[in-house]
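Next up: a single chain in structure tokens, the form predicted on its own.
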Amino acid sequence: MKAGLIAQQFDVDGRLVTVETAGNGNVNDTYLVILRTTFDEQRFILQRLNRRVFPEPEHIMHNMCAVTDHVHRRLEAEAHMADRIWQLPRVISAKDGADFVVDGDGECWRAISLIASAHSYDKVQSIEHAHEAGFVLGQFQRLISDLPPDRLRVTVPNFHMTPSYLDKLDRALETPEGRERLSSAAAAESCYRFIQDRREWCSVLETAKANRELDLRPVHGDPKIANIMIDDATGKGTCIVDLDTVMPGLIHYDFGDCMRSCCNPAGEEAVDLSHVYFDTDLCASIVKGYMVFARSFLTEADKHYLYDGIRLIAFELGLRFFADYVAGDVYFKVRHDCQNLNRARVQFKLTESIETREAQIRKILETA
């Protein structure tokens, strides 16, 4: 198995015991590696980066090293004041000292430390879990808020710039294959109408950035609930993982993505759309946890656009799923032909639910 051979090229003591497929991410291939010596066992995460999504993996590793080094220094300095042991994975060097390994096929592999005795969940388990998700995100954003954004590279051009995904959809629909996929299902045509009705609105955050109301900061880029690690012993959040999309951006996309993934109890793969809605109780719990740390770095303009971030990110993800469906499923992993179409329908149903609860959500944000 190639992964086993690659795993042994990283600077970790022990003989290889096993390499097991791990996680259910939509982009990279992830493995759990176990090595043993005569007196202990070492475990780490091995990943093959998807070059179709990340054509310049060295940029990802540059950002990951910059952010983890910065955060680890801050966590060590603040450890005596913390109510828990905060963590963040570290990059494990290859035996030749590099941050990653390139195999004979040109594929890029990296190794990162395993956050032990902690787990993540695909769905929010409770009000308390939601609070911890907000708490962890607020802490992470605070820790990187003093990292100059120009020290980070752009790993995915136009990532979380919603109008750019409209362009991708438009280009896909210029092809015969794209037009055929659009016309092949009534659900696809319905999604397209939903998008068209919001085409002008979806540049709201980019317009605010262009008008200098909002500033670029380091962001996580994908703070969904599945990337929030919860300590098995204490039930408290301990870290956020999956740093591939850490880069300069608007924190509103991070905030909105956390809300989107946490406040839909049905999850991203729901089949029955009647179960998809935005849970304002979970929203209030997340906001309460988030604001513990976020108050220290949010400006008044930042606060003004938080609702737009929640609404927009659900719409954007639906747009991304739909554009990928029309293009022939070239970005997100799928197990069946209409999976991205169904994912898009879930996010658009969630967007509708957010829109109908705008007054409630704004009140939660204003009183937090």
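A residue's number is simply how far along the shown sequence it sits, counting from 1. Every value quoted in this text rests on a predicted model; they were computed, and no experiment measured them.
Heads up, the form predicted together with a small molecule isn't pictured, but that's what we're talking about next.
Note on the interface: of 63-71, 300-308, 34-42, 50-58, the segment with non-hydrogen atoms within 4.5 angstroms of the small molecule in the model of the complex is 50-58. Within 4.5 Å of the small molecule in the model of the complex, a heavy atom is found for every one of F159, T245 and E268. The partner is absent here, but in the model of the complex a heavy atom of K224, alone among K236, K224, K288, R142, sits within 4.5 Å of the small molecule. Under a 4.5 angstroms non-hydrogen atom cutoff, the small molecule in the model of the complex has V27 among its neighbouring residues.
The shortest heavy atom separation between F322 and the small molecule in the model of the complex exceeds 4.5 Å. L317 belongs to the set of residues with a heavy atom inside 4.5 Å of the small molecule in the model of the complex.
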